[in-house]
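Shown here is one chain on its own, the form predicted on its own, set out as structure tokens.
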């Protein structure tokens, strides 16, 4: 056995991912030299922070083999809650705590309905997301909130930099580090993954599968609120549709990362987020209309779902073999 053959398969996946990122960056840099500027790098990391936090919580839901479509609505409702309280003179800490409170409460409702009520996750989260998204209009009737934002300290979160990068990027890395230790290097994380991989066996082993499932939805809601806090800090206003742009990038990041690195995980989601953000930022810098960039993200999401789903991979491999693209067809029918 050679030294090369002893390398784990994950090593080659990482190399392939890095090569893909390098190729994408090189293409954008050739088309638009400003792509490699420090200003654009700062913008990429800032956008990556918000998208990455939204995708992080979704990873926990995907790990337990569920789907959550409510977190954009939760983020919008939390954004208006935070903005309303800031405009009312409350402190920034109290406003963010209230936003987290309402977000996690909705996440727990989702989790309880899916885990204990056995309601379908997609339908349930569409419904709750629509409800809380509509509730975001109750504060101002749909008008933008901007009062007291400049003096609350919220804008400062977007202005703090270290080594040329926004503090939000370091916050993202810190949160991902904690999530990695919890999900991949703790008994809690092992139980979490077991609840998704084989819920029956996990239940027989004494793992409270339903409780872990409910917790996953709560985590997803919490990270969506943290993500929208960064959006509020960047824009300086609170609107009723602040979380509307989280859905596609978050799902694309989770499933693309899972397809590239061999399964849903915290590092895979971070990798997927980086690639999606690099693509979206490049399209924006080139002036590509949003409907084209959204189409590309949708195609990436579809590809990630196909590659991540084991059943679909087997069917695709069978189809390729049947059509004559595999070795076995030539061996069977010389």
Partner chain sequence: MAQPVLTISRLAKRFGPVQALGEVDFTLEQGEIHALLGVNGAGKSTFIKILSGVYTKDEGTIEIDGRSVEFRSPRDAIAHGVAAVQQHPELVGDLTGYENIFLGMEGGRRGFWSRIDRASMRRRADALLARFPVEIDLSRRVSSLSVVEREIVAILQALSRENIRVLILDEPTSTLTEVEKGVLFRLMAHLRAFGISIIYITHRLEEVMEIVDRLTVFRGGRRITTMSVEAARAEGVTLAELMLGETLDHVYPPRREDAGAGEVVFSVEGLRLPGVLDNIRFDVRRGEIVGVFGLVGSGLDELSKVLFGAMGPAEGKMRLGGREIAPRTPREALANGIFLVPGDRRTEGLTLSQASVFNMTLANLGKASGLAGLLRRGRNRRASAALAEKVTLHPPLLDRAVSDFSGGNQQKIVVAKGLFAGADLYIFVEPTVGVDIGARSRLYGLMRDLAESAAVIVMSSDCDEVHGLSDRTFALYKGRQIGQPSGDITRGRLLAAGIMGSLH
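Numbering follows the first chain given and starts at 1. Given the structure is predicted, the values throughout are model-derived calculations rather than measurements.
One more form of this protein exists, namely the form predicted in complex with the partner chain; it is left out here, but the text below deals with it.
S.K.: Using a 4.5 Å heavy atom cut-off, which stretch among 203-211, 225-233, 94-102, 150-158 contacts the partner chain in the predicted complex?
M.R.: The contacting stretch is 203-211.
S.K.: Note which of 87, 167, 260, 194 lies within 4.5 Å of the partner chain in the predicted complex, where distance is taken over heavy atoms; exactly one does.
M.R.: Result of the distance check: 194.
S.K.: Flag residue 244 as yes or no: does it have a non-hydrogen atom within 4.5 angstroms of any non-hydrogen atom of the partner chain in the predicted complex?
M.R.: No, residue 244 sits far enough from the partner chain in the predicted complex that none of its heavy atoms falls within 4.5 Å.
S.K.: Classify residue 143 as contacting or not contacting the partner chain in the predicted complex by the rule of any non-hydrogen atom within 4.5 angstroms, answering yes or no.
M.R.: Output for residue 143 is no: heavy atoms all beyond 4.5 Å of the partner chain.
S.K.: So in the predicted complex, does any heavy atom of residue 162 sit within 4.5 Å of the partner chain?
M.R.: Outside the cut-off, so no.
S.K.: According to a 4.5 angstroms non-hydrogen atom cut-off, is residue 181 in contact with the partner chain in the predicted complex?
M.R.: Result yes; residue 181 sits at the interface with the partner chain in the predicted complex.
S.K.: What residues, if any, in 178-195 have a non-hydrogen atom within 4.5 angstroms of the partner chain in the predicted complex?
M.R.: In sequence order, 181, 185, 186, 187, 188, 190, 191, 193, 194 come within 4.5 Å of the partner.
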